[in-house]
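The data below hold one chain only, encoded as structure tokens and taken in the form predicted on its own.
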């Protein structure tokens, strides 16, 4: 890239492992993304609600993208490396070799993905205990968390997996171990998905009550007995072996990791909004809600004191921003739901053909098609008779009911492109109403939210952004740097390097300018012009 090897001082590498791909970025001290690469990763669904991946496959993809983003620069200027990833469960034996998480005995598939819902029976039994740790996950544990998945492995794969297991990692922590050889876990992962308390540590009574007492042995060595805040430098940095794999210098600082949504929140929530007339200008960062929207959506709000929100995860101390309590709402499928609704419609082949002919994505074409058919009325009124209930994969927040199903009401016999476009619009609106429901629950419990900060793949869709502004009645802020999750990962590397004193320090230095979006449909400017 022209000019990227100018003397800008230090560089940081961020690596993000999402649901369908691994991405990497090279970021400079100003928070500007200088190079980007991505690589798809494999997924398996051997049966309904079982979703698996391979840690070896993911590491190979990490190596490919990292080597790409550092091509042509002076490697001596790279100061730090940070990882974020989905909160999937990685299983290794005592020698750190993969173990199968499936009935087929395929050890290559050694990851239970975050969206896997196989442990429904187990999570019901865990919730029936009403153990005190559940108050920190909104009162009801999700099937997507790690305890029910661990219990499922013990009860279903005792001989092939459970009895041989030496290490259970959250995927972000697996990556930092792979890079450094240090088995320390990130406070983010353990607090948010494993019932660890930043103040009290592990609760022996919980694990014994749910039938996982064997994890208590040897001071919790299998699931983590050294816990570090995100951004903490690990061991002696990048090992020679990992350095060769990644194409980076041995010994550079590697940070304790973050869950991907939390990296996105970190990368966007501190944005400089001065001069835009937003309600959050001059207000505490606690007035901001970061929404990380991709395959699923996560709603990150922070507070100085703990706030307990029924059906919303947390409060988690220092899980994203040090010194603040985090509440995390979420929708189990958003991007995946939109894809499902659009791709399952009879007019989808016609949509594909027309979008290809125009060299557009299918969603850019749908958005322009909605503009054509709305005529003089606001686009939202096209769905006056069509409504979607979006809980096709259960409800994560605030109803916390994994048994809920999706619904569409107002269907007609029509199956043309207009019909598909309006169904797409109704799905996007349903997701935005889900966000509104989460915000209302958080505010009823004590949060005071005035502005939404969006990042992730769906944040690039103007219809998705505008519907969130219209339906919540709040302005939406987008970072100039659209890859906020990768910026968040790079922030970790910068902190680990010692170039910045703290994560908060780095937030103000790395987060770029923002583009506010109007709420209530008042902003009629071209969204595309803002991000081009």
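Numbering follows the first chain given and starts at 1. Since the structure is predicted, the reported quantities are computational estimates derived from the model, not experimental observations.
Although not depicted, the form predicted together with a small molecule is the subject of the following passage.
Per the 4.5 Å heavy atom criterion, the small molecule in the model of the complex is contacted by stretch 80-88, the sole one of 438-446, 247-255, 199-207, 80-88. Looking at the small molecule in the model of the complex, residues 55, 167 and 185 place no heavy atom within 4.5 Å of it. Only one of the listed residues (151, 298, 161, 227) places a non-hydrogen atom within 4.5 angstroms of the small molecule in the model of the complex, and that residue is 298.
Contact between residue 174 and the small molecule in the model of the complex is not found at the 4.5 Å heavy atom cutoff. Interface membership of residue 294, defined by any non-hydrogen atom within 4.5 Å of the small molecule in the model of the complex, is confirmed.
Using a 4.5 angstroms threshold between heavy atoms, residue 320 stays clear of the small molecule in the model of the complex.
In the model of the complex, the small molecule stays beyond 4.5 Å of every heavy atom belonging to residue 453.
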